[in-house]
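This document starts with two versions of one protein chain, written out as structure tokens and named structure 1 and structure 2.
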Structure 1
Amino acid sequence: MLTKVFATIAVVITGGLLLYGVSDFPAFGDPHSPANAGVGNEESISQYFITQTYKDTKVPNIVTAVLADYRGYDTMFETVVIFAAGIAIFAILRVTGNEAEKKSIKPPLDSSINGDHQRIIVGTTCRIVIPVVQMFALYVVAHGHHSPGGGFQGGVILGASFILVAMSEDLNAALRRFSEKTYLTLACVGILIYAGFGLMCQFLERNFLDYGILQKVLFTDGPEMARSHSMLGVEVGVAFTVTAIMFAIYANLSSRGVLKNGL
């Protein structure tokens, strides 16, 4: 009871304060609000992104360009957050050896979900769907410059395809295709690709993640195309990590860290 009273007070104060701030906002959808057009006469950051991105990077998807280039440092740590979450879940849940034998969840025999008939229908459907899903995931990663998409989105879809394997058959089947060692390595490699692109710029005596200089290595005409290509490389790194960690999170959570049988 006391917590409910306290919660109500806290929530009302928070909401009231936020609404008090809202009363001072520019109107919803105003293209000339400070966030959209800046304060004063100078061009705001978001206007700069809209007008200059294509000139700077030759990437028509502004969101991808801002994500992977202008604010690439943020995105690298975003990937690190994902990686840290995966490792954290590992560190918390994973059990091995004798303890694992004790705790492994026995698959429920004869239950309606795992009955043979359903298994055939579900299994066949998934066998048809999964390659399509994976193709689509690769498209989302590779085409992130031109259409909505990118490393995170594609990585999640690719991870989901492996989760689908685990759900339609069982976790062991998915782990045979995508083992623990593989996904841990893949997660590390993904971040190393990202940070490696940045480090390469440093070796060429520019700042971290200053892709423009990579034209010397990538043999592109002009720094703009080098930025565009590097963004693709970076997105692939992100996709690696996200795929691996999404599957790792599912595998550990669904089997309570035993990595056998699963749900």
Structure 2
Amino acid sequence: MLTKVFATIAVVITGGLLLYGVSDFPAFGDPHSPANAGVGNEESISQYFITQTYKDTKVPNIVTAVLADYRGYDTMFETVVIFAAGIAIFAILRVTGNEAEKKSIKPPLDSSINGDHQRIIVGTTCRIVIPVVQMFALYVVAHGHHSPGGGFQGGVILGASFILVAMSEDLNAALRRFSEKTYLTLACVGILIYAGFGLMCQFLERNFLDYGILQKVLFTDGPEMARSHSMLGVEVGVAFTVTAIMFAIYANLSSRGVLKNGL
């Protein structure tokens, strides 16, 4: 009971502080706010992004430039949050040993004519659709800095393709293609790729995620193209992590942490 009281007090205090801070924000859609009108004679943030993004980065997609470059710190930690969510679900649900054997008991699949007929239709359709879905996912990642898309969107689509394998056959079939060791490794590699670009900038005596200096490593024509290529690199890292965590969450939730049979 005492714990609930302290928890309630903490929530009320935190909520009050947040509401107090919100009162200092400009009104929604206020044209005179710093984000829309700037301060004094300075150009506003939104105006700067619209007019200067392509000059700074050679990236026509303003959204991707903002996410992966101008506010790259925030996007990197968003990826870390996704990674942490997947690891938390893994830590809570994953079971092994005797307990896993007890939970993995499941009625056999329907071997009747109707059951086989349904599996043939679904399985054949998915075998046709899944490669197309995966190709589109890679396109969304690769062209995310030139057209709508990026690592988050492409990663979700790619992760969904492995979930589709699990739903059309069973979880074991999906795990043969994308094993637990593989998706956990891929999730970590994605974070390391993103952070690695930032560390390379520091090794070359520039700020973390200040991609322009990487022209020395990427052999690009100017710092602007270095920023463009680096954004593609970090988007690939994001896609790795999102793909792996998407499938990891499904695999553990659908099998109650046993990683057998699934839904």
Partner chain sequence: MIDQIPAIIVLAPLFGAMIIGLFGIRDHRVCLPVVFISLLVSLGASVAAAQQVFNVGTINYFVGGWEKPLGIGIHLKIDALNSLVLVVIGVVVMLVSFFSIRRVGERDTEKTPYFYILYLLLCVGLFGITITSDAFNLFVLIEVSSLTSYALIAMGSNKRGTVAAFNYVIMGTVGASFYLLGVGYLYLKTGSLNMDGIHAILMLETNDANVGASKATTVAFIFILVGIWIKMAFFPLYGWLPNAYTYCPSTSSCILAPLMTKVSVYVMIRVMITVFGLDWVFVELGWSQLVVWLAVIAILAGSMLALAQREIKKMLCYLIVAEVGYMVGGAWLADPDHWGMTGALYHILADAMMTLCLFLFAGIVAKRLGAFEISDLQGLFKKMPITSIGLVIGALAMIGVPPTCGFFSKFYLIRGAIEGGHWEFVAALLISSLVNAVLFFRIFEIAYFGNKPAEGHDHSHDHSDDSIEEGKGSDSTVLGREASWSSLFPLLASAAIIILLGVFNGEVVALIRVTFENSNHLSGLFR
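Just so it is clear, the structure is predicted and the values come from calculations on it, not from any experiment. Just so we're on the same page, residue numbers count up from 1 along structure 1's sequence. For clarity, a rigid core is taken as the largest C-alpha set superposing within 1.5 Å between two forms.
Legend: structure 1 corresponds to the form predicted together with its partner chain, while structure 2 does not. Core-superposed comparison between structure 1 and structure 2: the Cα of residue 219 travels less than 2 Å. Residue displacement note: residue 30 has its CA displaced by at least 2 Å between structure 1 and structure 2 (rigid core superposed). On rigid-core superposition between structure 1 and structure 2, the C-alpha of residue 13 is found to move 16.4 angstrom.
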